[in-house]
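As a starting point, one isolated chain is supplied in structure tokens, in the form predicted on its own.
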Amino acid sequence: MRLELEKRAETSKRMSVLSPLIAIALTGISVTLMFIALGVAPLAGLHAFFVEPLTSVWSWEELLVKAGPLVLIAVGLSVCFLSNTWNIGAEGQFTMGAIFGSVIPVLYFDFTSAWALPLMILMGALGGMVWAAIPALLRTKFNTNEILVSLMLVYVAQYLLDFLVRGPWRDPDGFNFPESRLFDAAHVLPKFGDGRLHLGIALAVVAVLLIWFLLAKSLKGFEIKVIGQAPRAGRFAGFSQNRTIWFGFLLSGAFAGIAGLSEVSGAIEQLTPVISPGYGFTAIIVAFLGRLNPIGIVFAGLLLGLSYLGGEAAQVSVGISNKMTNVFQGMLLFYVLACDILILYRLRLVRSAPAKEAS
């Protein structure tokens, strides 16, 4: 007997819902086996990773701080992915948004008007859009692979950030540490309460509502889905694939840039050589785990945000490496993509035909 994949007559709506749940369950089983292999009691490891970070009000606030940029980036990426455009460089757009948005607090720190924060948010969006426009231009004009171009630009952005904080933007009063000056209070996103929870989470909620309306209620959302699923039909309907590519890249770049500005203005309050634990890459997992649906992305963002906190908690509680977060996220992406096969195919058990006896 053997298992075979049999193509379904039509996509399975039931498996579209069950696929991420199965992926989460399989990831949980794999993480449990990994704890056993590391000599860690599975229940203690799972408790440290998934439960301990939720046992205090401070932890819940930190969860929202982590989930905010993930959701904000992922809802923008969902527009790209639905149009069959692959923006893999949100991490670079995140970084460029942080750099552009920090021009005022670093170079024009005396500008403390009420317009400072709105201008910083707009400049953050502009930075992400500028960086996203490069793969969009090369794809539409020269048919280059946007996956490679957007990915390589991530490293260019990171090196540019490193150059700035070690060179011209380094704090003159910072004892030669590679970091910018601390942002003035007028350049810091308002906080909710006494913790680190800031206005960035509200920006993420607004982005979710805007993208939900775009995809569910507007002609542009219909155009994006048609171009992604049936480009030829889209062309017959008068939809432009190139315009859709530009729209997806610029929108996702703007959201990634705003997320970058929110991180440095809300959570860090200055520029440092490392401003992200990989939000731009993790947001890709968030987008697919949330089924490219804005509401699903909110729950996926909370789960992946929990993985960051869980990795830190497990490092302290049970003594495992904080790289466990990367392992968890990688496993989850693998299982999500693997389980998505069942949306288009079904598993069938085939009995092998008995071998004919030689005469």
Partner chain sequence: MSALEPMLLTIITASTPLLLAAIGELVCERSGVLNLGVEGMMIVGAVAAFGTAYTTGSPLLGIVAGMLAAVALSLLFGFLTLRLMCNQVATGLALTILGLGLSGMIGESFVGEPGVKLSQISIPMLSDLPLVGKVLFGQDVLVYASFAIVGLTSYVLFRSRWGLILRAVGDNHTSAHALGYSVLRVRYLAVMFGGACSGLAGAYLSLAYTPQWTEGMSAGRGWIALALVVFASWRPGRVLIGAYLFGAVSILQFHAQASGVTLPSQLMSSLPYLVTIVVLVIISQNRQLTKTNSPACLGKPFSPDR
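Numbering follows the first chain given and starts at 1. As the structure is a computational prediction, the values presented were derived from the model and not from experiment. Between two forms, the rigid core is the largest collection of C-alphas that superpose within 1.5 Å.
FYI, the form predicted together with its partner chain isn't displayed, but the following is about it.
With its partner chain omitted here, the record of contacts in the predicted bound form names 316-324 of 50-58, 66-74, 316-324, 289-297, defined by a heavy atom within 4.5 Å.
Contact between N143 and its partner chain in the predicted bound form is found at the 4.5 Å heavy atom cutoff.
Residue contact with its partner chain in the predicted bound form: W86 places a heavy atom within 4.5 Å of it. None of the heavy atoms of Y108 is located within 4.5 Å of its partner chain in the predicted bound form. The closest heavy atom approach of F213 to its partner chain in the predicted bound form falls outside 4.5 Å. Between the options F281, W169, F183, F100, the residue in contact with its partner chain in the predicted bound form by a heavy atom within 4.5 angstroms is F281. A heavy atom within 4.5 Å of its partner chain in the predicted bound form is found for exactly one of L148, V205, L122, A267: L148. In the predicted bound form, the residues of 148-177 lying within 4.5 Å of its partner chain by at least one heavy atom are, in order, L148, V149, L151, M152, L153, Y155, V156, Y159, D162, F163, R166. Core-superposed comparison between the shown form and the other one: the C-alpha position of I24 differs by less than 2 Å.
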